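Just the one chain here, laid out as structure tokens, in the form predicted on its own.
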């Protein structure tokens, strides 16, 4: 399919889905059908490339391809032809699973991915191996190597829970590859390989082995990179994405701090890259939280998170902020005056919307629980509560009343956030129809999905319980639809 045909397909899809109350407008997703893990995001020749796990036929997992989109500004995207299709016998006929993208020393753009082939004698009836593909035309089309798979299977002598999702980088004259795995009876791990030419690979050792109870038994989608004066390893496990940071020397990782990249189970399989500005940018798959039939009826499933900029904090924890480019999507603005919130009070703001950004600064007392409610109906029977509990130091989203639809998951997602003495709570909350992404103080993030059944569930409220609080700043912006510019958008390819 040509780029022009893909553009027409996108325009038709956005027109068709325009009245869907749950389809996001400023998050990336394919024109239709299924999306999961981000694959190999990369910044190359002035453009951002986003690959993703994709089923082009229907809104459920299966027949996994690599979808592809390109952007010049991290905000507006154009679809590109499918990068990888599962059509190579003996390599990937059951699926082209998650991997990474990188540029070789000679300038050749390269994809590493997991190929899935049938294996009736193995768990799930499939075999996992690692393969490569290269591009000679600016990442528009991809050629799978004749030598595939370059790693035909896991090392002998290990009883593993999986063997997938390669992460490749160049260091000290060698290429290195991490492969997500887990050791039976021990815990999740990522297996380290080394190569001089990307074709012949030598197994080195597990980069580290987690505790099964704390870190899970299988680590998916490993992502390894230097950040500040440390290295970070991101893995998806126990239904969320975890990070471990520490030292890296002579192919050995010395673990230090650990935590969750995002407190919510909606954010999964995050993958990062470094752009031309030296920023480490992370994308994640935002999973649905509604029944599969609702996804099939809608005709789409899965959303990409907003781009997040990762930082290394002094204590070794991983910090994150929404990319500054997102401010360009701000439209009509609303500002509330500084407000003293009395204990057990709730205030409805004179603004409403299902595609908004909210920025708030709040001074809290020691026993305060502050709540910012979004997607709220006039009677409050549908509401999604972003909260911070000062006493317990907990940031979260309460989605237990987000929808009257019994087919929607009702849950609370939360995690630790310790404010320093005198430090106010700094919130940025992005609401995009069924997506709620929250960032706090550059140190924590939590994401949830919300599917209100009422069209008037668009209100915004603030409240304080316990000792009360002082809201010193609150701004709300209506966010622009990223697809509105499609007819005149040109990614320059």
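Positions refer to the first chain, counted from 1. In this text, all values refer to a predicted model and were calculated from it rather than measured experimentally.
One more form of this protein, predicted in complex with a small molecule, exists but is not displayed; see below.
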Checklist entry - Does residue 53 reach the small molecule in the model of the complex if we count a contact as any heavy atom within 4.5 Å? => result yes
Checklist entry - Quick one: does residue 29 come within 4.5 Å of the small molecule in the model of the complex, counting heavy atoms only? => result no
Checklist entry - Hey, in the model of the complex, is residue 288 touching the small molecule, heavy atoms inside 4.5 Å? => result no
Checklist entry - Hey, in the model of the complex, is residue 220 touching the small molecule, heavy atoms inside 4.5 Å? => result yes
Checklist entry - Out of the stretches listed (161-169, 419-427, 243-251, 103-111), which one is close to the small molecule in the model of the complex, meaning heavy atoms within 4.5 Å? => result 161-169
Checklist entry - Are 64, 98 and 269 jointly within 4.5 Å of the small molecule in the model of the complex, each by at least one heavy atom? => result yes
